[in-house]
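As structure tokens, one chain now follows by itself in the form predicted alone.
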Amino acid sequence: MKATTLKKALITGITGQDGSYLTKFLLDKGYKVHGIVPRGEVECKGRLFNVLDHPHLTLHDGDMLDGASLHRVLMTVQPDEIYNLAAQSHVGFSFHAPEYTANVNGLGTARLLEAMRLLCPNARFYQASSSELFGNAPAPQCETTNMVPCSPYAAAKLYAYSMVQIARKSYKLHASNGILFNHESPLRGEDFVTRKVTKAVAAIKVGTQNILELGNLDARRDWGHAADYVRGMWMMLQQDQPDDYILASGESHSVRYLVEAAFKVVNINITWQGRFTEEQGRDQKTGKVLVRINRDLYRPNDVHHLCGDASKAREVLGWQPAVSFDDLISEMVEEDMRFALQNKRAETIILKAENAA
């Protein structure tokens, strides 16, 4: 009997939140998964800890800034599917490093598409686009909503989005854009607002942190779970024809509500006092200030309201999110509570040892 040939997927940004969820998803489906990791990057490999020894996972040195390395990896792997998740992913940081952001997020995508065109034109390509493309266009946003970037990050992503469409129309590549609205998980980086909030809530609850500082509490985002969204990525590449799709929950919440929901998980109710940058969040029971505004955390040009209409993805792909916002925040807080308690116990043991010495 002839052996079945496993599909090969190549993931850039494999050590990030989405990369780790997508890796497990594809391995569970029987893929051989290859990932591109910049040389020397070890900080986030921990997200892959449960699959690093999997026989069908291979990591390759490569960099979105280095076209030669991308050519080398594609020539070696000859993937059936390419998922471009690599990015300078912080909107706020992009204001401080616009050129670097453009080089990674914009030109990096162009380099990868060109390598695909030359070396494996029959592969299928997924581009991680972003709801930040819409800027302050009126919500809800759909695939035909005007794109008005408000940050260097969004501008670079718009270039990449356009290059995917050009590759599809001009070179007939199977290349799709997934315009994903905010999606989170316990694996989210600590400098993203959701994880910053849930980590701080856990630390405040166990007594290792006193206060949470935030910027714009009125910003509204459409938050979902990363596991739902990587499933949507895969579904896009299973279609006969490439296209662009929004993935979103269709519900938006303010950062203020996010804070309230996270504290409720640990049985703390937040009440708000003051206005604008003088606003404070207090523990309703004790009156203690737990949340305050830090002017330095405001962005130069903020996006006010993002809420996605994923009707097309539901109708064409059959995709819909399975995890609610409240369940997502509960999962994140509970996981951060586990780490916070572990760290507190470790600190207590060290302190006792030092006092006994």
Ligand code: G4F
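The numbering used is simple: start at 1 and walk along the sequence shown. None of these values were measured; they are calculated from a predicted model.
The same protein has a further form, the form predicted in complex with the ligand, not shown here; the description that follows concerns it.
This chain is drawn without the ligand; in the predicted bound form, the residue among V303, L317, L57, C307 with a heavy atom within 4.5 Å of it is V303. Only one of the listed residues (L237, L113, I204, L180) places a non-hydrogen atom within 4.5 angstroms of the ligand in the predicted bound form, and that residue is L180. Heavy atoms of no residue among R231, D243 and K312 are located within 4.5 Å of the ligand in the predicted bound form. Figure note: of the listed segments 83-91, 278-286, 263-271, 136-144, the one touching the ligand in the predicted bound form, with heavy atoms no more than 4.5 Å away, is 83-91. For the chain shown alone, G215 is a contact residue for the ligand in the predicted bound form, at least one non-hydrogen atom being within 4.5 angstroms. The ligand in the predicted bound form is not approached by Y257, whose heavy atoms all lie more than 4.5 angstroms from it. Taking non-hydrogen atoms only, D191 approaches the ligand to within 4.5 angstroms in the predicted bound form. Within 4.5 Å of some heavy atom of the ligand in the predicted bound form lies at least one heavy atom of R221. With contact defined as any non-hydrogen atom lying within 4.5 angstroms of the ligand in the predicted bound form, the contacting residues in 128-146 are S130, S131, E132, given in sequence order.
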